[in-house]
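Shown here is one chain on its own, the form predicted on its own, set out as structure tokens.
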């Protein structure tokens, strides 16, 4: 059992939580539920939704699923309200470098936009470096940042192992640095990360509950649109499987394909999966680009409908939420990976690091909640994490 003390979600106060909890009841009251009607599938998903982690119906079904492999340092956060915005910041007047894994992905675009707002509010100069999900580009960015000599760096590693020498180069250049999202393999500097196993497990729980309600007696055949070799992604995949098999013990994984974590690679990968295994009726995308690539693949073969099966993912981006809100869509379960929370936590942590109030072991472990697939639940999530200008 992993000991955890995750930070609560920044924006889900009492009112928002009440909306999320009550919305499934509201939708159920407004729309009669039919397990076979596409127009009612969203209501069924909302009524089967739960914010609680499910327990396995058959412990043997999940006994061989690996536990968390990305939580190298556990999930206990340093004391403090890391998600609250301060009146003043030690970053004011400084030159800050922010790296992102790829601006083409909605999560990192939202992270960058939150940082732009912070730079304007607290009057510091921000330079953003796009890694484009490419190892060579990330390495070049590291060299360029060091040459530019900013006052501090918020660094998004592309890989747990490759990030170690990259961080060491920053430290050798005597530039304060914190990391966010992917955890470096070694403890070198303060970091912000999330419990991907637990977050995806809640996705699996809700996807499994919906599958049981929508398709009683149907055998679940699972496909994964994956991004291999990242411990964080391994936790997402295994967390989902743990949650889903907790609800549907007889489910089997048919195939896992490499979708690259970006939509233009996820589409052909999902197409290959569906062509090779037409019996697949459950697909988990390791992020929204993976699930949206699957949406396009389903549409291309005429299977995009609420009666096909269940599509689930982790992220909660605007495009993903738009599809989940479509009553005709099989996209019915998601946990939200919060870009606003990552931006605010990294901002506060970097400020504390500049002031030398942290150590290399200081960490912030964020939680990310399941998103209620009702209109009210989706709206509450987007307003908190993906605000429009």
Partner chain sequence: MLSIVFRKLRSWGRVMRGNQLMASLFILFVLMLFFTMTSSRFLTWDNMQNVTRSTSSVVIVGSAVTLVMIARGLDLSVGSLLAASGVLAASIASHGTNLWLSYLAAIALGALFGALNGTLVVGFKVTPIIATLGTLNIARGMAYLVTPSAILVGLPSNWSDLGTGSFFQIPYPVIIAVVIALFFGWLLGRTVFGRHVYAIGGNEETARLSGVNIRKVIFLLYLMSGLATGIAAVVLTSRLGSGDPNIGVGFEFQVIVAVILGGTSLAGGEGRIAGTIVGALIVGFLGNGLNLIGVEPFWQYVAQGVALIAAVILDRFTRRERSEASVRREVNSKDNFDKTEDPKSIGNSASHQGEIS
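All values derive from a computational prediction rather than experimental measurement. Numbering follows the first chain given and starts at 1. Throughout, rigid core stands for the largest set of C-alpha atoms superposing within 1.5 Å between the two forms.
From this point on, the text means the form predicted together with the partner chain, which you will not see here.
In terms of contact with the partner chain in the model of the complex, the residue from 276, 84, 147, 135 that brings a heavy atom within 4.5 Å is 276. Residue-level contacts in the model of the complex: of 212, 73, 139, 258, one residue has a heavy atom within 4.5 Å of the partner chain, and it is 258.
The partner is not drawn, yet in the model of the complex one stretch among 228 to 236, 172 to 180, 203 to 211, 306 to 314 has residues with heavy atoms inside 4.5 Å of the partner chain: 228 to 236. Contact check for residue 218: every heavy atom lies farther than 4.5 Å from the partner chain in the model of the complex. Contact check for residue 109: a non-hydrogen atom falls within 4.5 Å of the partner chain in the model of the complex. The partner chain in the model of the complex comes within 4.5 Å of no heavy atom belonging to residue 114. Contact check for residue 159: no non-hydrogen atom falls within 4.5 Å of the partner chain in the model of the complex. Shown without its partner, the chain has 257, 258, 263, 264, 265, 267, 268, 269, 271, 272, 275, 276 in segment 256 to 276 as residues with a non-hydrogen atom within 4.5 angstroms of the partner chain in the model of the complex.
A displacement of less than 2 angstroms separates the C-alpha positions of residue 182 between this form and the one not shown, with the rigid core held in common.
Residue 265 shows a C-alpha shift of 2 Å or greater between this form and the one not shown [criterion: core-superposed Cα displacement of 2 Å].
The rigid-core alignment places the CA of residue 296 2 Å or more apart between this form and the one not shown.
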